[in-house]
Each structure stands twice: as C-alpha cells, then as structure tokens.
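What follows is a pair of forms of the same protein chain, given separately as structure tokens and numbered structure 1 and structure 2.
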Structure 1
C-alpha cells in the first residue's frame, strides 16, 4: 500500500510541475523598497552623510544575510541638501512614482515638518532622523522619529547647570526648525530648574562669524553660561569666537553636537563643551552589562571599518535606528503596511543606538530622559562628563 501511495504521490507532483504550478504553496520573495530623504550634501551634510552611509552599509549586510523574511531591501536615497522644498518633491516622488514601503528621514526637523502631512495623507510610514519634538507631538498615525526628545535634552542640560550652581544664562539658536523648537523648549522649561534666560539671540544658519553676538553677550557680566542650539557649522564657529574674545564661561550645546567633525571644526576652542547625547559616542566606556553596548560597539566597528575616513556619529545612529525599527516591524507583521505600522507602534525593549525604544500609541519616539548621557570634549575627543 505504501508503495502505491508513494507512486501516486510522485505522479501527482509530476503532473503539477508539468502543469506549471506547485502543489505546496510558497511565499514569493519580493524587493522591499525603502525610500530615504537625507541631506547628503549642503550645510546639514554632517547629518545626512553618515545617515546615507549607514543605511547603505546596513542594507548590504541585511541582503547578504538573506534579507528580511527572505525579501531583499531596495534602498532609494534622495539627497535633499537640507532643502525643505526638495524634501517635499522627493517625498511625493517616493510615494507616487517609486511606490516605496516606507520613508526614512529627512535629516532635519524643518524638512520633516514640511512632509509630515504628506506622509500622513498617503498613509506612508515615516521614520524621521530629525530631533524636534513637534515631529511626534502631537502624535501623527504614520510618523515616528528616532532621536531623543528636545525636552529631555533641555532637562539634562539644566540639571547639569543646577549641579554647577549656574542659574543665569544666554541662549543662542540657529534659525532652523531644530533651532526654533529648541528655543521654545529652553524657554518653557527654564523656570522648572530655576534658570533665568538673560539674553536670547537667533542667528542665520549660514553664519560664518558670530563675534558680534558674542561681544554683545559679553557686555552682560551676569551671564554665567551659554547654551547653543543648532545643527550647523556655527556650533564650532561660536566656540572659536567665544574663546578668541577671552570669554571663558561654560558653553553647552544641544544633542545636535554629536559628530566629532563639529569638534574638529572648533579646534582647541571646542575643549570643555558640555552636551547631552546617546551613548554611541562613548561606547567603549560603557560597562559590559549595559544593554546597548554590544550593539553600539558592533555598529562603531562596522562603520569605521567600512568608512575609515569617517567616525561614527549619533546622526548615522538615527538612521541605524530607523531601519532597525522598520525591519523589526516587517519581521513581526510581514508586508502589510498597516500591520507593520501597528507593529512599530507597539515595539518594546528594542535596543538602538539612541537608547532602548518603547513605542506606544501615545509615544512615537519611544525614548525617555535615560537615553541621554552628559558628555564633554576632552583632548579633542568625546568623553563622559563628570563635575
């Protein structure tokens, strides 16, 4: 009987193959198109460059290991140059023409805010690499972001100031979406920490000399420290102008300072700058039982091996986290976009470069204040800050 059944099964399979179909249903693998809008060139290239290189490296590795659930990733990068109008055009192109599964980026807050509604209306998953809290507050169904919250960065800065006995400060911000958002947070949270903002100045993102603003602020002898909130080369320029003028009050920067190239641009003047950032920049200094350490060290080694001319940055890390989150969602939910969106919104305890992500319907950032470490520049390198 077994021999007869075996022969019959062989005949059935042979018939099916000749007829052009398989008797056992199999899932057909397909490419998953992932769009990315990044400032690879231009004034924000310190952000977009590492983000693009990170995504290219990750996609290459993921595909070499069989893809996501057997599906290969197809990465389509659009270089916005940090221009919001280009970001709008590219977002529409990726959605309408390229038919991407999701979009990573943009690199900057201003660009992200310009395309937030476009993504929402198209029901397109958007994983922003920009930091402004307004990107996810209020929550938009399809929009997520990977950098830590502005408000938490401000609280870390003000908490450190309080420990140092600093209560009277000056605030400088670039005229970008990130700068404007930071200015609002700095002003709103100051009373909570007993901080008095004695002066507030906004400068153009293209500024190459801030010495006039420095001279104006120096005239106020009550200012005990300066907070600069920007993502442009002016971060290094301000440090130089302050030290050239002999003004040695502490300089605090935002979490937008997390690229060693900003330190290199500031030279010796960058020494002693204090800022909040994720732990990627001090990965080797973390204890071995830190839940992020293995991931951080691997990313740093992989990136700096593949791109020896570049050092790992928190900005590349934001793209790393965005793709990690998207892949986790697809692994859980398959290729149904709505189910993937739902999966992302409910991801818990997911280690990333910026912290441990815990998303919810009320929180599309998934990070808290514990994702930050206060860092400083010591001997031209990043180090954990200690009083």
Structure 2
C-alpha cells in the first residue's frame, strides 16, 4: 500500500513539475495585463480585501464599456497575505512571466519598499496603495503611490487643533508601519504648530482593550486632546474606552479611520471623532460643483451595489485611484510603457477618490493638503467637520 502511495506521489510530483514548466498559454495580444499584489488575507486584509474587490469591479466595468482605447484589461490579483517575501516573488513573477503592463499595490508599506528596487530595475510601473512617504521620497522613476501624505494629514489635524486652541496632546499609535510613520510625523511637525506632546504610547495592532492606558492618560489633567494614529479596529476601541471612562477631550484620528465599519463598531462612542480624510466618505454632502463629486458618488454606489455586504472605504479608494491613474496614462500614451510612465508623471488635475492628482517628476504622489477634508462623526455617519 505504502509503496503504491509512494509511486503515485512520485508520479504526481513529476506531473506537477512538468505541468508547472510548460509555457503559459499566451493571452490574446490586445489585452492589457495589469498585475496586483494585495494583502487579501492575513493581518492587513482590511486593506487588501476592499482593494481587490474594487479592482475586480472596475476592470469588469471598463471591459464592459469596451476597454481602454479598445483594449481589454486583464487583471491578475496575487494575494501576498501581507508577507514581503511573497510580494517579492509575485512581483518577479508578474514582471517576467505574466509580462504585465503595470503593477498595482502592494497594500502595505513594508511590502512596497521591498519591491521598489525590483520595479525600478525592471522598469515596471508600480502604483502602490500604501501610505508611507518613503515610497516616493526619494522619488524612484517608476514608483507612484495613491494615498495621501501622512505629513499633510498631520498638518490638517494640527491646524484644526490650533483653531480649537489646543496645544497639549497625547499621541497613541498602532505598531504597524502606518502607525509608526504617523508617530514620526506627529512628533516632527508638532513644534511648527506650537503643539506639545505630553504622552506617547504604541499599542499592538491586535489590541482589544485600551482602558488601562486610557485611565493612565486621563490622570494627566493637562492633556487637551488625544490623537490616535492607526488603521486597525483599535481605533473604535479607544473611542469606547475614553467615553466609558468619562473622558471627553476631543479625539482625533488619522485618515486611517476612513471606514464606516469602525464608526459602527464604535457606536455612540464614535460620535464627535475628528479626522482628516479624502472626500469619498462624505460624497453626498459635497457641493455639486466639486470636481470629485460625480466620481465619488459613482464609486460608492457601484461598490455598495456590487458588494452589499461591504461598505465603501478609503482603502478600496486607493486601488481605485491607482487603476484610474493607470488608465488615464494609457489613454493618453497608448501601449508603450515608457510613454505611459511619462504620461502619468505629467498627469494634472485628475480627480480621484483621495483628491485631485497633480503629478510631477518630483512628486510621485500628486496630492496636497487640500485633498484632505476634516470630517467628524455625526449620528453614526461621516460629516464634514466645522468648528
């Protein structure tokens, strides 16, 4: 029996190897292959999940409408699970084997930084959905990113604080790359706005209770406001723990709060949270002459119709922007990668979910502080904040 099993296995393995090495059937020539490396599962799946769904939805729609310049898009999504080593493997695979036109993603900064050099070497357009500023600073020729700059979010928050007369704050950050980068920016920019950080704490991305730390911070009566910087569920937990403890100083969140589910999870405690975000979350409340409005409403309606289980979030929006930018580049420059890259670098006034993109050779992010709007939570919904 065992012998038979063993032989069988040998056969299966040989088959796998042979099958694995047979050349991949080439797709029809006019298709544009777009690779995407996203953390659909694993610890960063709250990013990769909406991103993957958004891309699938968009490609379906673009192809239904005749494609880009008559060329159909072919989307290849690779689930990295948030693992850099897989992102590296997938990047090489997409570049050489699938010969994709461009790569969207990865979802996290750590992964993006690992494949930045690979994209440069292979002269492959990389449109990252990750936030860290090091991705585009220093600028790499082929690497772009769509989320707004942390530093702009910090400035927006500090600006609002100044208006409110707040100068002494506590900072809480998650121990993810996002939280870490935010912490750095918060500390660097504080003096510029005359703000003093009295306490700073880092919590685990899987933290489920922050009441102890809230109690500790609350004991410091000088703290006038709390800034929380993370992209994880703990954002809602912090709000609950603060309000339950009866601590009613203003709570500021980062632009990572841009998911209505966090508001739902925070319930009554989420009321009054102030945070900067792209305008996607308040699409309906925008004035009709806002250049982003049509696009934002359409994305929101489309997404929530196609995925009734899910609510639109800014994370999916980053993937939306990445593909929008790529499509705009191809529409302008055709199917020559170099020309598309140049076209993207020169895109101006392109509305996206995160803001209006204005790329330049020095700026591969293309967004400025005006892409942010200060939002707040009112009656369980996002609303534009006004003092």
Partner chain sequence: MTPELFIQYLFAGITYGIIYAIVAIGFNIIYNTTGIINFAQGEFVMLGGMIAITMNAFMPMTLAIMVAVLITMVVGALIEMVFIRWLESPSVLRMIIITIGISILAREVALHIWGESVRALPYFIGNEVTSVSILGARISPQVLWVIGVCSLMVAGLSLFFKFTSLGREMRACAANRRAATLCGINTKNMVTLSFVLSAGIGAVAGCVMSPITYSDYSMGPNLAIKGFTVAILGGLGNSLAAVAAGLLLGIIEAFSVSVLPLAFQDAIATAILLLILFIRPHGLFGSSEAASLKEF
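Numbering follows the first chain given and starts at 1. Source: prediction; values computed, not measured. We call the rigid core whatever largest set of C-alpha positions still superposes within 1.5 Å between the two forms.
The form predicted alone corresponds to structure 1; structure 2 is the other form. Across the conformational change between structure 1 and structure 2, the residue of 210, 148, 243, 103 occupying the hinge between rigid parts is 148.
The chain behaves as two rigid parts between structure 1 and structure 2, and the smaller of them turns through 10 degrees against the larger.
Here the two forms are laid over each other by their core, and the C-alpha of residue 121 is off by 3.0 Å between structure 1 and structure 2. Core-aligned Cα shift between structure 1 and structure 2 at residue 43: this is 4.2 Å.
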